[in-house]
Every structure is written in C-alpha cells, then in structure tokens.
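Form predicted alone, single chain, as structure tokens, below.
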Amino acid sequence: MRDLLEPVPKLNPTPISRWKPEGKHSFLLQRLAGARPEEPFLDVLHKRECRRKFSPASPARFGELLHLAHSAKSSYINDAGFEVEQRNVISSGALHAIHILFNQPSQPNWYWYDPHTHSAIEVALPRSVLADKARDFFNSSTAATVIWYVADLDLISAKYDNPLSLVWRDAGAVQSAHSLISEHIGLAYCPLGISGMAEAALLSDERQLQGMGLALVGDRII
C-alpha cells in the first residue's frame, strides 16, 4: 500500500460509459416481502459477525441483499458528463465502479448483477477454479454462493489520476455493507482473503477490470 499515490480529480476528465457484460441470458432476482424494519440498527451492529457455516441462500434473501445494497435509486449525467448514481452503498464520485458478480452452487457460470433491473446476467467466464477455491475455505462452503467484487479501473481512471486506492476503499465499503445487510436479513456472510485479480482480466478484452475480493454467503446453519 506504500506504493499507492494520492488520487486527484482530473482537470479535464473524459467520461466513458459503464461496463456491462454481453450476457447470454438473464433472470430476475427475488426480494423478501419484508426486511424486518422493526429491528433496531444497534441490534444489527451488536449481533454482526462473520459466519462460516452455510446452507444454500434462499433466492429471496440473496436478492434482498443485492437490492438493499446496490439497486440504483436515481441516476443523472453530472456537469463533467459522467453518469452518477444514488445507491445505498457509498462510492467515489458516485461512479459505483465496483461490480458484483456471483456464482451459485447449482450454476456452472458467473452472473453479473444489474442494479437497474434487479436481474442477473450470465457472463462468458465459466465458474473456473476461482469459485472452487473460494468454497474450499470452510467445510460447509460447498453450499455457499460466491460473491466476487470486480472494479472497473477504466471508469474510475476516466475521472481520477492515481485511482487505485479509491477502488480498494470502495470495495471495502461494499463488503462492509454486505456484512451488515446479511446480518439484518438472516444470511451468513464471510469475506475471504483472495481477490481474483488474474481471473478478472478474462471478463473483458476492452476494459481494465480488477478483482477486489471474494465472499461467501448463504442461509445460516444454526
């Protein structure tokens, strides 16, 4: 981290469009009917922990996790020409350059979360050894969904010089939000010490994408 330079907004930024994979097909994600609005936030903080026992994530709970963290509440083009969005997670410049990909235990491929349609789009990258490596961490991880945090470096570089520390901070903020939301809605969640850097380069020949970490999520085993 000592090699990271201070990020600085560019004097003459050149806006670019958001990266979106060319998926083969998509499916809509579910949501919980209610996300326990009566539970005080302090209770969530006190109970939060990294849980390492998983059963398959219920579609409603998993969909609720992604919706509460990432669904775009509004978007507009700012004065510099960038599309900025309001979501529940924080982001440098409101660019939201951290993409969410996931692999479910019953699916052979990775999926990309579309925050505008609350849907999952299949990406060309097969499940590969990355998902298997993630599930090797704990005994019950074979039933867990693997979440992969991937940064669009080209997007953040279009607005900032020396942007690398920004995407690392953004990825950490997203994982923290996932941890708290998972606690609130009854999911088991645990971030992992691998990033998937090499595999992220396989997602696109046109954009510079970087793996920023992985996590496991699933329903809790009491």
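From a predicted model like this one, the values you see are computed outputs, not experimental measurements. All residue numbers refer to positions in the sequence shown, first residue = 1.
Only in words, not in the display: the form predicted in complex with a small molecule, which the text now covers.
When contacts are defined as a non-hydrogen atom within 4.5 Å, none of Lys24, Tyr111 and Pro126 contacts the small molecule in the predicted complex. In the predicted complex, Ile156 stays away from the small molecule, with no heavy atom inside 4.5 Å.
Residue contact check for Gly193: one or more of its heavy atoms lie within 4.5 Å of the small molecule in the predicted complex. The closest heavy atom approach of Arg52 to the small molecule in the predicted complex falls within 4.5 Å.
Within 4.5 Å of some heavy atom of the small molecule in the predicted complex lies at least one heavy atom of Arg48. Residues within 4.5 angstroms of the small molecule in the predicted complex, judged by any non-hydrogen atom, belong to 132-140 and to none of the other stretches in 112-120, 147-155, 132-140, 72-80.
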